[in-house]
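First comes one chain, alone, set out as structure tokens in the form predicted on its own.
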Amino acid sequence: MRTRLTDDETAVKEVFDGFFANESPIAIVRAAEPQGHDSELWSKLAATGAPGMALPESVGGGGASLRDLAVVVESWGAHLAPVPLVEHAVATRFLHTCGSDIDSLVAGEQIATLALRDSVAGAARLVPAGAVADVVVARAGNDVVRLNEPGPGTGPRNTGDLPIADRELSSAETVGSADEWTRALDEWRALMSVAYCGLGRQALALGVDYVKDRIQFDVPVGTFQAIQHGLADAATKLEGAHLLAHRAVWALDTDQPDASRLAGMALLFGAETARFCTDRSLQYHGGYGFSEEYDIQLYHRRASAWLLQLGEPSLEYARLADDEIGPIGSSGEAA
């Protein structure tokens, strides 16, 4: 596995760092709340080809790898861009493998998403981007179904101001089996772990900039050793999270046998690291960190909210534990 970006990936990073900096400044993120979606930004992103970049050229995609997409996702996460890039990309890739029609999705004319939780009583609950998606892919028992229906435009208020919503699946059609669904969930896990690295890095940068400017006792508070140690701990964790996240993406891209395990580990460690970074940065902002006028609270809230879309985090830890040592009480294992 490579630990550095190729020249092509570096070029992609520079392009999309610039794109999100120009088209998704923090003012756009704030203006998109509480719905959490900016349709104009989505149209601009679709024009770049990013939503379909990791699809084959034969279907109109960019022919890029999952690793290439991850480079874009990290910039997306760093700028908290209020568009469902990860959900759309993963759902569309899954539909392509199932042979389902994706013409309007490749170009971003419609938005697709995936329900991360199994449906209950014929409905998908708290679907990421469910409020704005035109196509929802969800697991229903032993089948995976596709719902073609415009989103309601609104959903329940939530910590991260994300466009989640419940979606009824009564008119959905079967497109695949539950056995194929694991790959899609793992791609979401791995890509979101990369997005968490972007979020954490930007949150850390906000904290560093603030402690350089904030004066206390006639000196910048960044000169205090305790603050320096906290920021250094955050930076160290970020390096580890970044390596693990990109290893998970590489493992999925190259069909490694431990890809699913790595995706889960990367997501959990990425979320933990991003929360650590935002906690430190918010704390070093003092009381201002809790004020809506300061940007760090936007990162702090999303650091918690992104993972919760998958469900209770303890269930993800339990899934990993079961994969590693077997379910509690299973044959050959201590109960």
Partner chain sequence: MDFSFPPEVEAFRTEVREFLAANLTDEMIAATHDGTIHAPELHAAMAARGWIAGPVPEELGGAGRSALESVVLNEEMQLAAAPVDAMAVSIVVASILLEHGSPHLKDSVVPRLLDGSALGCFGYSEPESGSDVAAAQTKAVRDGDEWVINGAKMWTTLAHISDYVILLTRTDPDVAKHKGLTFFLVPLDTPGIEIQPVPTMAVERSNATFYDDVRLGDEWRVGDVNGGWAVMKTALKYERGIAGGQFPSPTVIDAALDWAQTAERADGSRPIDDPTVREKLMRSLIDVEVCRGFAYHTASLAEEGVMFGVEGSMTKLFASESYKRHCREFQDMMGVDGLITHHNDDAHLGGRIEENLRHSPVTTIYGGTSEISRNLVAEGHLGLPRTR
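Numbering follows the first chain given and starts at 1. It should be emphasised that the depicted structure is a prediction, and the values quoted were computed from it without experimental measurement.
Below, we refer to the form predicted in complex with its partner chain, which is not included among the displayed structures.
J.: Given the stretches 102-110, 159-167, 77-85, 136-144, which is the single one in contact with its partner chain in the model of the complex, using a heavy atom cutoff of 4.5 Å?
T.: That would be 159-167.
J.: Of Glu173, Asp233, Asp179, Asp255, which residue is found within 4.5 angstroms of its partner chain in the model of the complex when only non-hydrogen atoms are counted?
T.: The option sitting close enough to the partner is Asp233.
J.: Although the partner isn't part of this model, could you tell me whether Pro152 comes within 4.5 Å of its partner chain in the model of the complex, counting any heavy atom of the residue?
T.: Judged by the heavy-atom cut-off of 4.5 Å, Pro152 is well away from its partner chain in the model of the complex.
J.: Does at least one non-hydrogen atom of Ser291 fall within 4.5 angstroms of its partner chain in the model of the complex?
T.: Yes.
J.: Does Asn22 reach its partner chain in the model of the complex if we count a contact as any heavy atom within 4.5 Å?
T.: No, no contact at 4.5 Å.
J.: Looking at the partner-bound form in the model of the complex, is His242 within 4.5 Å of its partner chain by any heavy atom?
T.: His242 belongs to the contact set for its partner chain.
J.: Suppose contact means any heavy atom within 4.5 Å; which members of 247-261 contact its partner chain in the model of the complex?
T.: Residues within 4.5 Å: Arg247, Trp250, Arg261.
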